[in-house]
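In the block that follows, a single chain appears as structure tokens, in the form predicted alone.
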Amino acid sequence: MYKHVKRGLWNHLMKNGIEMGLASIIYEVGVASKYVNHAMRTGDLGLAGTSNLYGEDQLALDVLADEIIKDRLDHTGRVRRIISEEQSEIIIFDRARRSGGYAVCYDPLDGSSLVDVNLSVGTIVAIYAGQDPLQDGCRQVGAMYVLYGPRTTLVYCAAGTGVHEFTLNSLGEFVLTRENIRIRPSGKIFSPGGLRSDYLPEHENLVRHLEKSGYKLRYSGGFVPDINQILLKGGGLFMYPATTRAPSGKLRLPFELNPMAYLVTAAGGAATNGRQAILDLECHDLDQRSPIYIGSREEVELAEKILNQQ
């Protein structure tokens, strides 16, 4: 009777041999996302009357999502320190074990300004062994995101076991929908962030090349849905460049770029700042930013070639 029941998240983590502490973190973020999902559909979408580390006004939903995820991470007893895009400093958990354990970097609700117009947003998480959440991206032991869209989906990769997608069903369970997701060497879509009037000449040259080559523009304004599209469609290029107004780029390395680069690279893609792999960048600050070109390997290599033409 139940032979066609799909595999749940915890069962999949155990089948893949993920270390118990790491598995607990991924699972508990999944639990937290159910509450965030509910709050987003029923809660207050207005301003919280506070601002985050970067001086940006926080939505009540930003604050709530941050608290939900922080509490669930603390609940694991495996997380020693965290940094959140909504917090101004590293947070230390008392209940974590004195030795070993993990550090977590997360953006509780990336793209939250899109919620009130009913566009997709997401949660992004990077996981490191030890107690330092400001490690280089290549040292991640796991990463994941949750996409709150027409369906709520969770994508994770841990310990080199592949990239997998789960969908929240009507019973409140994340069940496996795609396993071992792979990105093709090239695609036919591109997602260009930033104002075109602020583009630097070399980036403008890249965009024109893609347009002339027949690439279709697909840009939602949300980092998670745009990366999800490239990942699940099997190819393409997302880019948020250095601009005249933001010469270091807009997106933050610890909370957004490192975890997404980890996932896309694990699926066979690549991620660069135009000169160096994102995962090789030295991470030293909560507010560290970088340009990014991420997706299919051939498009990422093309971006590097055009950006560095003299």
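Just so it is clear, the model here is predicted, and its values are computed rather than measured. The first residue of the sequence shown is number 1, and the count goes up from there.
What comes next is about the form predicted in complex with a small molecule, which is not displayed.
At the 4.5 Å heavy atom threshold, is Lys70 in contact with the small molecule in the predicted bound form?
Although the small molecule is absent here, Lys70 would stay clear of it in the predicted bound form, with no heavy atoms inside 4.5 Å.
Examine Gly162 and determine whether its closest non-hydrogen atom to the small molecule in the predicted bound form is within 4.5 angstroms.
Judged by the heavy-atom cut-off of 4.5 Å, Gly162 is well away from the small molecule in the predicted bound form.
In the predicted bound form, is there a heavy atom of the small molecule that lies within 4.5 Å of any heavy atom of Gly221, even though the partner is absent here?
Yes.
In the predicted bound form, does Gln131 come within 4.5 Å of the small molecule, counting heavy atoms only?
Output for Gln131 is no: heavy atoms all beyond 4.5 Å of the small molecule.
Which listed residue (Phe174, Tyr102, Phe238, Tyr145) meets the criterion of a heavy atom within 4.5 Å of the small molecule in the predicted bound form?
Going through each option in turn, the one that passes is Phe238.
Counting only non-hydrogen atoms, which stretch in 133-141, 108-116, 166-174, 205-213 is within 4.5 Å of the small molecule in the predicted bound form?
In the other structure, the partner sits against 108-116.
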